[in-house]
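Here's a solo chain for you in structure tokens, the form predicted on its own.
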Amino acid sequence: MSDFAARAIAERLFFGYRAFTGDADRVLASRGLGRAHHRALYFIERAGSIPVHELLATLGITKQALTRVLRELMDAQLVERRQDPADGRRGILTLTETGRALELSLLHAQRARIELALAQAGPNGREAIHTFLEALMEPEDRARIGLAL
């Protein structure tokens, strides 16, 4: 691949990511939240409930950064933390009803853009997009993907 071709793909990824995240960023900004909050809400919702240490590993951020994000989400009454019944030293995170509603609104803010992109990608586009994006990921992150095509 030439440098020109690599830049053409990188440019599309940059602008595509900006547009994709921008849809949710506008909803988040109205609540004083950002992308780190969005990622936490997403992965907590996807899991239903998740131990803090698993969320930390999934997000790949520092404990200090996650502590700040979780504190803000709990202060906003979007996330609840309870003790793990199997190990009282560990916390389990779940979304509140308000947190679930916000996470769903963020998904819906991005869904129309995803659906339009898939429609424009053609009949084999969904599989090609999944294959391409998974190939960009680190191998250990591929194992974290929980949703099928």
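Model, not experiment: these values are computed from the prediction. Numbering starts at 1 and follows the sequence shown.
Omitted from view is the form predicted together with the DNA, to which the following refers.
Asker: So, in the predicted complex, is residue 61 in contact with the DNA at a 4.5 angstroms heavy atom limit?
Answerer: Residue 61 belongs to the contact set for the DNA.
Asker: Taking heavy atoms only, is residue 88 within 4.5 angstroms of the DNA in the predicted complex?
Answerer: Judged by the heavy-atom cut-off of 4.5 Å, residue 88 is in contact with the DNA in the predicted complex.
Asker: At 4.5 Å between heavy atoms, is residue 100 in contact with the DNA in the predicted complex?
Answerer: Outside the cut-off, so no.
Asker: With the cut-off set at 4.5 Å between non-hydrogen atoms, does residue 36 touch the DNA in the predicted complex?
Answerer: Looking in the predicted complex, residue contacts with the DNA include residue 36, since a heavy atom lies within 4.5 Å.
Asker: Of these, 124, 83, 49, 120, which has a heavy atom no more than 4.5 Å from the DNA in the predicted complex?
Answerer: Here the answer is residue option 83.
Asker: By the heavy atom within 4.5 Å rule, which residue out of 31, 53, 26, 111 makes contact with the DNA in the predicted complex?
Answerer: Looking at the other structure, the residue within range turns out to be 53.
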